[in-house]
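Shown next as structure tokens: one chain only, the form predicted alone.
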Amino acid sequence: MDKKVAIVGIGTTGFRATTPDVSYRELTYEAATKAYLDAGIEPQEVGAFVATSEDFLEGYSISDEYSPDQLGAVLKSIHTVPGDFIQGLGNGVMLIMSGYADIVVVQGMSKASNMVTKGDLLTFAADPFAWRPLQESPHAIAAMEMNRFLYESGNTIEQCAQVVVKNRRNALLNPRAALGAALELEDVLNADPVAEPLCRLDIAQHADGAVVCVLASQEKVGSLKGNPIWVRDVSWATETNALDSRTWGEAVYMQLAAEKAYRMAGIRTPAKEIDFAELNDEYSYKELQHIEALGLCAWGESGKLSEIGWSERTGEFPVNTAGGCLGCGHLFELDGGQKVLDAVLQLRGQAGELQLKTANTAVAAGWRGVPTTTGAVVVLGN
């Protein structure tokens, strides 16, 4: 990018399985307060706000109308991006790149515990003519994709189970994670089946939480106290959402988004130029599929590499050091926000017990989940 944009402040409530003690507005308020303190700004200094939310998931229309109060954005420019947090981040970057504002705030939030029938909600998002009448569970659709991915790539169910063990173990050291656990491979392989070959532990459980991020232009960064992490570039892409015409074995959406982000960031060999990755693992196989789509290893090699510890925190290329979706919780449109948060903390050297020895450049990647084929990628550097 010609004009540089940095993340100068970030705040979160952390992630919990349920939050009966706070409303969705209070979740956002707490995260926003922390982000503003981190950046050393007041809300009135912000030129524009981006609320990352989906009316369909929030349960009411024009959901950004419920964001200004807790963000300090009353009578300010604010709009909704119905997509992953990283897509909202990209919109914030464009607002600064275009000269519209010098400081932009991006918000994301999950109150999954408020949703009584999550499965029915996601099923309703499927094609209304071809697939919705069949009332297939989102997990059943994911299981079909998992089968195809394993068949084409040569990766195995055991290697997917290893992803669960790794990420849930990483989450034990993350004070913000909801689902840390010390699991053995057999615990995952013997868990209750959900949809062949997915079992219960292959699927990230839902969680509540919020993340607020403050972006600033290069010219503005010098006057702020925040520890800047530079957005080298951000991109997103969508393959067809039609289940009868999509590519089932590969995450084409993530590959397209990554190729564009790398090209604009000047990255030619991702596995050598990037130090670690925080990526979507809503289902265990998705971590392996997304590793390959991001060009971090050769096609069909992610499972073998994971088996020998390549993607461990102490491995050659750490992946989901803070626990990912499997360890922190599935946060709907905030999934990418959790990835950006943990990448920023690593790049700042503020990851505590999870801190990596080398953390200069990171890639964070989000996926909107079944039934979509939309992925978003951001490259960050310190």
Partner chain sequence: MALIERLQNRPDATYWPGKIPMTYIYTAGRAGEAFFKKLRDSGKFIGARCEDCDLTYFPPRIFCECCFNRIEGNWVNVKNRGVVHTLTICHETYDDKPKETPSIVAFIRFEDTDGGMFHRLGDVDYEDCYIGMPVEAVLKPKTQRKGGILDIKHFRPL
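Just so it is clear, the structure is predicted and the values come from calculations on it, not from any experiment. Positions refer to the first chain, counted from 1.
From this point on, the text means the form predicted together with its partner chain, which you will not see here.
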(message) Can you work out whether E45 and its partner chain are in contact in the predicted complex, taking contact to mean some heavy atom pair no more than 4.5 Å apart?
(response) no
(message) Although the partner isn't part of this model, could you tell me whether E158 comes within 4.5 Å of its partner chain in the predicted complex, counting any heavy atom of the residue?
(response) no
(message) in the predicted complex, is there a heavy atom of its partner chain that lies within 4.5 Å of any heavy atom of T18, even though the partner is absent here?
(response) yes
(message) Would you classify Q205 as touching its partner chain in the predicted complex, given a 4.5 Å non-hydrogen atom cut-off?
(response) no
(request) Please name which of the stretches 302-310, 182-190, 146-154, 266-274 has residues with heavy atoms lying within 4.5 Å of its partner chain in the predicted complex. (result) 146-154
(message) Does its partner chain, in the predicted complex, lie within 4.5 angstroms of each residue among F124, A140 and V194, using heavy atoms as the measure?
(response) yes
(request) Heavy atoms within 4.5 Å of its partner chain in the predicted complex is the criterion; list the residues of 221-256 that meet it. (result) T240, A242, L243, D244, S245, W248
